[in-house]
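Just one chain is shown here, as structure tokens, and it is the form predicted alone.
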């Protein structure tokens, strides 16, 4: 009797909670919070534009104009998005999450300009204003685009080569005892050596600088992916293997249909670590022998004391590397979708 009464009251209680939640969403406090979120970017961009116009009297006219247009684009885009989010729920959720971050970035640009162009607390030419960086991005857009494309080709070539070799060696070491006996000492000796330490030897052995750069990047990727792949394979649950053997699975089936899928979380951790190592090695490898790429561009600009171009390349690197990392996260989410309710990411 009590159970039936409790069951009849549960839907009523749930509906009351939904009504209360809906009321809180439409409450004046919630409306004010949404308004503050939507106004965060326009307010930050307006203040940054006013500060720029106030301190840009001694700056070249092209820099002032380009940076003013840049801030104006941010301000206009924020206004258009604030109107469009009323009709587009996906955009509304995105803005609720990203507006504070974007506004903080604009405030940081404003602070950067105050301490460089305004108060001149940082010495030139090592610390240019954000207007100078934006102008460098515009002036050298073709060279930066070419350097980014060459860095992408070099990074993908080394990363995919290292990944292919690492998956083979990792699965072999993790599954076969004989491969583990001979492979683990090699990993313990060669793996901890930084990949950049092999650059002098790679330049001697390789016929071309680009091939040596690809090999160095592949070596940097090989170690973490191999270690974590071998760890994931060797830690496959024995119960899974026993069930597969009972159902008639052979060695190939056990490796490719049981061990490797079970090791995918560890493999993806290795992929992320290998990608970070590839980024670091890419920049260093491009400064030695390679005549194009973002690392080469940074060294070239530093040699001419063009630090606005150096910062422009760093901005491109940040966008370039974070985009690739985001794509890898998307692949991980798709492959490991079964983990979403078990592990939070």
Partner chain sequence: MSASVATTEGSSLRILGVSKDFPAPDNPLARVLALNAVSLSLAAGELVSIVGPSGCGKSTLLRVIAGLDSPNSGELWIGDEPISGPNAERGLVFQDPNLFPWLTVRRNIQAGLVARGVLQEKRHEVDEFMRLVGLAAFANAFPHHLSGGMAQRVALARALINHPKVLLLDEPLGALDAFTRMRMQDEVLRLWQARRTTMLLVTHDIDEAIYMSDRIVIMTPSPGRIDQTIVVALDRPRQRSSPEFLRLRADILEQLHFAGNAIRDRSPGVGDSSSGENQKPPQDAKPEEPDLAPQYTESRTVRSPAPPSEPLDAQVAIIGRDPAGSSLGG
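Note that the structure is predicted; figures quoted are calculated from it, not measured. Positions refer to the first chain, counted from 1.
The same protein also has a form predicted together with its partner chain, omitted here; what follows describes it.
- Here the marked residues 193, 198 and 224 all miss its partner chain in the predicted bound form; none has a heavy atom within 4.5 angstroms.
- For the options 84, 186, 160, 243, the one in contact with its partner chain in the predicted bound form, meaning a heavy atom within 4.5 Å, is 243.
- With the partner omitted here, the residue from 103, 138, 75, 258 that has a non-hydrogen atom within 4.5 angstroms of its partner chain in the predicted bound form is 258.
- Contact check for residue 237: a non-hydrogen atom falls within 4.5 Å of its partner chain in the predicted bound form.
- Not displayed here, its partner chain is kept clear of residue 94 by more than 4.5 Å at the level of heavy atoms in the predicted bound form.
- Using a 4.5 angstroms limit between non-hydrogen atoms, residue 248 touches its partner chain in the predicted bound form.
- Although the partner is absent here, residue 337 lies within 4.5 Å of its partner chain in the predicted bound form, judged by heavy atoms.
- Only one segment in the set 259-267, 151-159, 84-92, 107-115 has residues whose heavy atoms sit within 4.5 Å of its partner chain in the predicted bound form; it is 259-267.
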